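For reference, the chain that follows is the form predicted on its own, supplied as C-alpha cells.
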Amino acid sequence: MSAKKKTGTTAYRCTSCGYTQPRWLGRCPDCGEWNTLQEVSLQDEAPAGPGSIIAGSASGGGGAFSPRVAPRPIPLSAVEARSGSRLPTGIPELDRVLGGAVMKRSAILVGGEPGIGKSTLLLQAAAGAATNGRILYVSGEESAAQIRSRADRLGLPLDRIELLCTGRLEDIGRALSDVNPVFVIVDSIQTVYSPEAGAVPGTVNQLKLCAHELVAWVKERDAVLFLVAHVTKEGSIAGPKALEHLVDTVISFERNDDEVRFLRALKNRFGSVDELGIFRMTEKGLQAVEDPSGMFIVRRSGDLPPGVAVVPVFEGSRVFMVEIQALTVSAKGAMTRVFSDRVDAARVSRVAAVLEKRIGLRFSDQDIYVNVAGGVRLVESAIDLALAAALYSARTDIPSPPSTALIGELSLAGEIRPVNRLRQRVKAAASLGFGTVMAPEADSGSRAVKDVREAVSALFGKAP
C-alpha cells in the first residue's frame, strides 16, 4: 500500500485549544492534551474574503455574513467624544456596580454559581431596558417555555423582548442582523458554538472565537452585550483567561445565604470596581436592599458576647457597619491553624502576631476562627483595629463594650494608623446608634487612640 502523498493542503488542529501543526502527534504541544489533534483541510478553511462570521457593516447594509469594511487609522483629534452614552437597566443596584449605567458598545461578562439568579437578573434588566429599544435574549440552556414561565412569574413586560433559543453562532448572527437590538443577552457563552471551531461547544477554541465575534459586533453599534459564564468548582469564571480580556466589564454574582445576593465588579473599564450591589431573592425575583447599612450587624438584646467587634467599612460609595466574630481554642496538634474565609488568613495571623508581641497575649498555641456576619468579604486595612479587638476579646473571654465601633489600620509596631474617609465612617456609626467610635484621629466625635495597647486598655481595662 502506497503512502499518502503530502499535498500541503491538510493540517492537524487541536480540538481543545485550536493549535495547528502539519503532522499528527499524540499530544498537543500547546495545551498538553492527548489525542485531540484532528485532520482539517486548509482549502476548505481558506477565507473567501475579508469578513466576519456575524459582524456586518456598521451602516446596516448587508446580511449577517457580509464582509466588513477594513478599518483605517484616523487622527485621535478627529474622534468624536461620546459623553453620556449610557443605557439604564432599570435596576439601580446593577447600574451602581456598572458605574451608573451600562455603557453603549460595551461587553459585560456575568459569572456566578448555578442557581444563584444570573438569568433572573438579566431578564429583569432586559425588561427594564426595553424602553431604549429592542432586546434580544439568546438562550442555549433553557427552552422558550421556561423563560416565558419565569417572565410571567416575575410580572415582566414582554413586548420588546425577542427570544432566540439556539447555540449556533451563525444563527445568532442572523438574528442580530434582523432584530438590530440595543440590548443583547447570551445565556450562556459556554453553549455557543461555530462549526469553524469544531463540533463541541465549550472548548477553549469555541469560547475565544464565539466571544470575539459577538464582542466585535457590539463594538460597531450603539448596543450592549451581556455574556453569562459558568463558574468552576473554585468559584472563578470558567473558560480561558483571554475571555475576560475581551470584555469591558466582569461582574460576579455571589451569595451569603439562601436569600441575600452580592453583585460586584472584578473588572470595569467605565467605572469603579469597589461598588457592591445587594439583592434579596424573593418569589417576585431579585429585589434591591433599600437600606443595607446595618444588615451585617447581628441585632441582640443585652451585652455583646466575647469575640465580637464592629467596624464601619466602605464598599464603593456606601458605608456598612460590619460585625467581625472571632474564636480561639487550644490547638489540638503541634501546628496551629487559622480558619478565615471572609477575612484574609494572612491578615488574621499578622494582627494576632502584633497582639502577642506588643501586648504579650499568647496566640501561638491557639487555633483561630474568624467570621464576618452577613457573609461579606472584608479586604480594606481599616478593619485591623476591630479584628484585633475581636481576637483579644475571644482570647480573654472579655466582651467588648456595647455600642462601640472601631476604625484603624494596625502597623507591625502596634500603632493605629489613619484611614481614608474617616468622617463618613464616624457619621454612619453614629446614625446607627454607636455612641463610641475609636479611631486613630479625633474627628467628628470619635475617640483617638494611638496604639493597640491604648485601645485595649480603653476597651477592656488595663492591658496585660
Ligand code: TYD
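Source: prediction; values computed, not measured. The numbering used is simple: start at 1 and walk along the sequence shown.
In what follows, reference is made to the form predicted together with the ligand, a form of this protein that is not presented.
- Proximity to the ligand in the predicted bound form, defined as a heavy atom within 4.5 Å, holds among S119, T191, Q325, S177 only for S119.
- For the options T282, S330, S77, S364, the one in contact with the ligand in the predicted bound form, meaning a heavy atom within 4.5 Å, is T282.
- Shown alone here, D344 lies farther than 4.5 Å from the ligand in the predicted bound form, counting heavy atoms only.
- For the chain shown alone, D303 is not a contact residue for the ligand in the predicted bound form, no non-hydrogen atom being within 4.5 angstroms.
- Not displayed here, the ligand is approached by H230 to within 4.5 Å at the level of heavy atoms in the predicted bound form.
- Residue contact with the ligand in the predicted bound form: L154 places a heavy atom within 4.5 Å of it.
- From the list 380 to 388, 107 to 115, 353 to 361, 367 to 375, the contact stretch for the ligand in the predicted bound form under a 4.5 Å heavy atom rule is 107 to 115.
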